Structure formats: structure tokens, C-alpha cells
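Listed next as C-alpha cells is one chain, alone, in the form predicted alone.
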Amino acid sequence: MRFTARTSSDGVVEREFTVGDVPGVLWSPASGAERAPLVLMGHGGGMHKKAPGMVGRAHRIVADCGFHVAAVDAPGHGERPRTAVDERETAALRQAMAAGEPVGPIIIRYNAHLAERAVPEWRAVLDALQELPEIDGPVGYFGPNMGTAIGVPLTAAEPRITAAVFGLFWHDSLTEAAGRITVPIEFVLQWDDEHIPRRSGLALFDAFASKEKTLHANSGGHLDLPRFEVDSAVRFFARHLGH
């Protein structure tokens, strides 16, 4: 791990880093008074590690819980170079959207490909983060949309993750991995999602083997997820990762 930049604001220290060729960012309490748990955060499709929503969620978790939060650019996103597959799938997605055709099959296929690349990267980043003296205790994962496409197989493969917030994704490619997850889960679903059929979101929630799992279903379309769901996620992580 190599730190490349450092800034601070509102009691939160932001440090950009690289692990190999994967760029990331770590948000931490400015006080640095004691070792604290870590939340890994996955961004949505077409976004990046420091998108405004990501920064806002990270600051909330740091300020309200005193935890560390880390995010990385997914393959083909943010500062990462695009492969021929990235270019082809992105073009197919834009073409489908322009024609008013369903985007689900393309997103499911492409995000499964991204997950194959991203899961080992995330595990290497977690190895490096846990070498830092200020990080200690359980690990959480927070990521709807593409963050769920990557986060479900990551959580299924990574025993260090002990609580996760997922949602807003199809069940098709994730059912098997979800069945291997037994940690506490909070899952968000938009009841009137124009892209993800309600039955598909419910099927993914049902697939998790967790004894403790909570479904949050809100009215509205795919982009209408209420901001108060972040409040709920913060409380969820405080409850499950706190000392």
C-alpha cells in the first residue's frame, strides 16, 4: 500500500492510496484516538470511488460511528483503464438505453465479469488495510447497485466481512453466492424500479442464508432511493461493528 495524497475536513481525514495498480481512498477520524473497525464501500456503475454520494456516505460513517471507510475504483471505472470488454459492454448498454430496450441482461453479464476481476483486488486491498495500526475489529461492506454485484461474491468469499448492506440488483447472477452468506444483511429495494423487476429483487433477498436479514422496500423508481436509507445503514453498521 502506498499513500499518494492526504486532506482533511469536518473531522475526517481522507487519504488516497494505491495497492498494486488499484487506486483507492481511505476516510478516517481526524482524532485517531483509538483503533476502529472498517467499512468497505462499493460504488455504482459508471461512478467512481470519490463520487459525491460515496464521499457523503463515508463522512457519515466516520462521523457517526468513528469507523474507517475505504473505497476503490472498480475495474474500468474512475482512474482505471478500460479493456476491450469494458468498451464493448458500455457501448452495448448505451445502445440499449437509446433504443428503449431492457438493460438488465447487459448489466448482469458485464457486472459478473467485473466481479471476477474486482473480488481478488478487494481482498488484496483488505489485506493491506488491516496492516495499518489504526484499523482493528470487524469489517463491513456497503454497496447497492454495482456495489452489490461485486459485494455479494466478495462477502461470500471473505470471512472477514461480518455485516453488509446490499440492494438494487437482479438475482440472476448472485443467487448461488448469496446462499453462502450468513452474516447480518440489510437489503434495499425500490418497489417501482423500472429496470429491476420486483420479483428479481425479492428473489435475491430471499436467497441470502443469513438468519438476520432485513428488507427495506421503498416506493419509487430505480434512482429514487430515499436518503434516509443511509441513516439506516449507519445505524446497522454501528450495531454490528461497534464494540
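The numbering used is simple: start at 1 and walk along the sequence shown. Keep in mind it's a predicted model, so treat the numbers as computed, not measured.
One more form of this protein exists, namely the form predicted in complex with a further copy of the same chain; it is left out here, but the text below deals with it.
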Exercise. Quick one: find which of 65-73, 34-42, 210-218, 175-183 has residues within 4.5 Å of a further copy of the same chain in the model of the complex by heavy atom distance.
Key: 210-218
Quiz prompt | Non-hydrogen atom within 4.5 angstroms of a further copy of the same chain in the model of the complex for each of L202, R235 and R239 | solution = yes
Quiz item: Using 4.5 Å between non-hydrogen atoms, is R198 touching a further copy of the same chain in the model of the complex?
Solution: yes
Quiz item: Taking 4.5 angstroms as the cut-off for heavy atoms, does E229 touch a further copy of the same chain in the model of the complex?
Solution: yes
